[in-house]
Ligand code: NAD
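The chain below stands alone and is given as structure tokens, in the form predicted alone.
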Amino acid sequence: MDTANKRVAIVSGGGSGIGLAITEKFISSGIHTVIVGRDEKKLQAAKTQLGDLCYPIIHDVSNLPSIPDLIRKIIDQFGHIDILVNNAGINMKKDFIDITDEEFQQVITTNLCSVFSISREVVKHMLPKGSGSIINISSMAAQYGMPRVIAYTASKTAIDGMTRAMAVELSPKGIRINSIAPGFIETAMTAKALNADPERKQKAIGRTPMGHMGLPEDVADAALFLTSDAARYITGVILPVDGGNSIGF
């Protein structure tokens, strides 16, 4: 495939929600975008919707030993990777004392360990070029305490620390690492969580100064900016896209 002069991106969890919005934004800017996910139906629907520059790969990113081979296959097909968006993630809402070690570890493996593994393998290919941009998707759960999501909170807080550590180590070599912390965004995942809990939904909107939830496109715009030359002097930031939620009262 002749993508020598084209930008190539990987978006994990790119088949729905925020990942799909980011993929759509990238493709509209001419970026060849590989979407990685477990749900074949969602990935194929995204491909049908987004067309030729969308390349679905069915893969479970929580299977860590398989990651090097996944990235190798993408490199074999495209020749290079310019952008990585670590968006795939799972949540678990449960009382603190009811969460088993296995459940906690499952969230950590998917949300944190896979981000490390994928980033490590992609960076190996970015280093010889001396350029690249990686975006990690964080959360409001890393900005302040939230009940009943301890594993998710632990994973996203670690993502913020990892973003800074990666930026300090890799930016001298031309690779920028940033993180986006979405606030309450209208996706199927948040609808499921908030519509069943009107009190929590009101609390979320009540402490958001802009007074409403955001759209996946709001996060996608930020992602496109952070991966563009317009952000060439920005690295190691955790950018809230949250209508002011993280500073609201």
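Throughout, we count residues from 1 along the sequence that is shown. Remember, it's a predicted structure, so these values are computed and weren't measured experimentally.
There is another form of the same protein, the form predicted together with this ligand; it is not shown, and what comes next is about it.
Just one listed stretch, out of 203 to 211, 178 to 186, 47 to 55, 24 to 32, contacts this ligand in the model of the complex at the 4.5 Å heavy atom level, and that stretch is 178 to 186. Taking a 4.5 Å heavy atom cutoff to this ligand in the model of the complex, the contact residue among D197, D60, D69, E217 is D60. Taking A88, I134, M166, V107 one by one, only a single residue has any non-hydrogen atom within 4.5 Å of this ligand in the model of the complex, and it is A88. In the model of the complex, this ligand sits within 4.5 Å of a heavy atom belonging to V36. Although the partner is absent here, T235 is not a contact residue: none of its heavy atoms lies within 4.5 angstroms of this ligand in the model of the complex.
Contact check for F78: no non-hydrogen atom falls within 4.5 Å of this ligand in the model of the complex.
Interface residue remark: P240 is not counted as part of the site for this ligand in the model of the complex, having no heavy atom within 4.5 Å. Taking this ligand as positioned in the model of the complex, none of the residues of 218 to 235 brings a heavy atom within 4.5 Å of it.
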